[in-house]
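Presented as structure tokens, the chain that follows is alone, the form predicted alone.
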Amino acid sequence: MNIEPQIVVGLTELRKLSDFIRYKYNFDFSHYAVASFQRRIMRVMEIHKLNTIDDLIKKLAASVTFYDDFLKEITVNTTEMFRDPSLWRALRENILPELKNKTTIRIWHAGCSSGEEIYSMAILLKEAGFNGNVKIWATDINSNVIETAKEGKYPIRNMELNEANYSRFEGVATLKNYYIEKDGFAFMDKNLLNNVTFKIHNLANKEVFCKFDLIMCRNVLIYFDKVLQDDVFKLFHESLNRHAYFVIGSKESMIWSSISNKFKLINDREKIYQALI
């Protein structure tokens, strides 16, 4: 019985690949977390039956279409609605009341992935009585997941977990109020996207495009090394109004950041910060 050897990609090969992509496509992977980047590269090579980094580089050099598919595979993330329900309760009970009297509220979901968090926020705002004065920007580097978010079509098997999260969030209704089931899929109510703008955005480019009252960037920074994380923290600080709020993932922290003194930790468990300056 012949067993194919597992593909192994070392640090030198990762550096070679990163250098090529930066030169050819002007995209910098050099500050992505090594372990995560390494796993995803090996997955791409296995899918496309490529044995070496040189094989991968040749294929990337020969086809822009393959590069687009490669980028989407490397940057894809999965999520769920009302992930960490206690966070959504904290937003409802402690943060939204502080924003309620603003004429216009701007919210940025950075790294919105396939959109479950966008629909969660829209439902939260609807149930809290917010109307047309909220503007939401949903951004991601991956155009595929942006399209999934716009479509709002999810396998019905995913909804059991989403509904359990909504129940633990203690919503006022039932999640079934916000989608219809058809042909094995849940189709989210498109009215939830009335105030949402979708945008392709690369956090590594450090582009400030608006000032926000709340930024959500959860479980994205863990894919970056400390240098890029710090640069992204600076981007978010520049993008926040004074006394605005910033939320990161439960396993993420900015205590070590060079600008941590410009934020106040509001809720340690839920990783909610407030901009001081």
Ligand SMILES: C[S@@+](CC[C@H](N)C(=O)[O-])C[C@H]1O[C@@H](n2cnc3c(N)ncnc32)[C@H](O)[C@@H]1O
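Since this is a predicted model, take the numbers as computed values, not measurements. Note that residue numbering begins at 1 and tracks the sequence as displayed.
Quick note: we don't show the form predicted together with the ligand, though the next part is all about it.
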property: Partner-facing stretch of 172 to 180, 148 to 156, 92 to 100, 134 to 142, counted where any non-hydrogen atom is within 4.5 angstroms of the ligand in the predicted bound form; result: 134 to 142
property: Contact residue in the predicted bound form, chosen from Asn194, Ser167, Ser86, Asn202 - any heavy atom within 4.5 Å of the ligand; result: Asn202
property: Contact label in the predicted bound form: Thr78 to the ligand, heavy atom within 4.5 Å; result: yes
property: Heavy atom of Leu60 within 4.5 Å of the ligand in the predicted bound form; result: no
property: Tyr32: touches the ligand in the predicted bound form, heavy atom cutoff 4.5 angstroms; result: yes
property: is_contact(Ser239, the ligand) in the predicted bound form, heavy atom dist at most 4.5 Å; result: no
property: Those residues of 212 to 226 which, in the predicted bound form, come within 4.5 Å of the ligand by heavy atom; result: Arg218, Asn219, Val220, Tyr223, Phe224
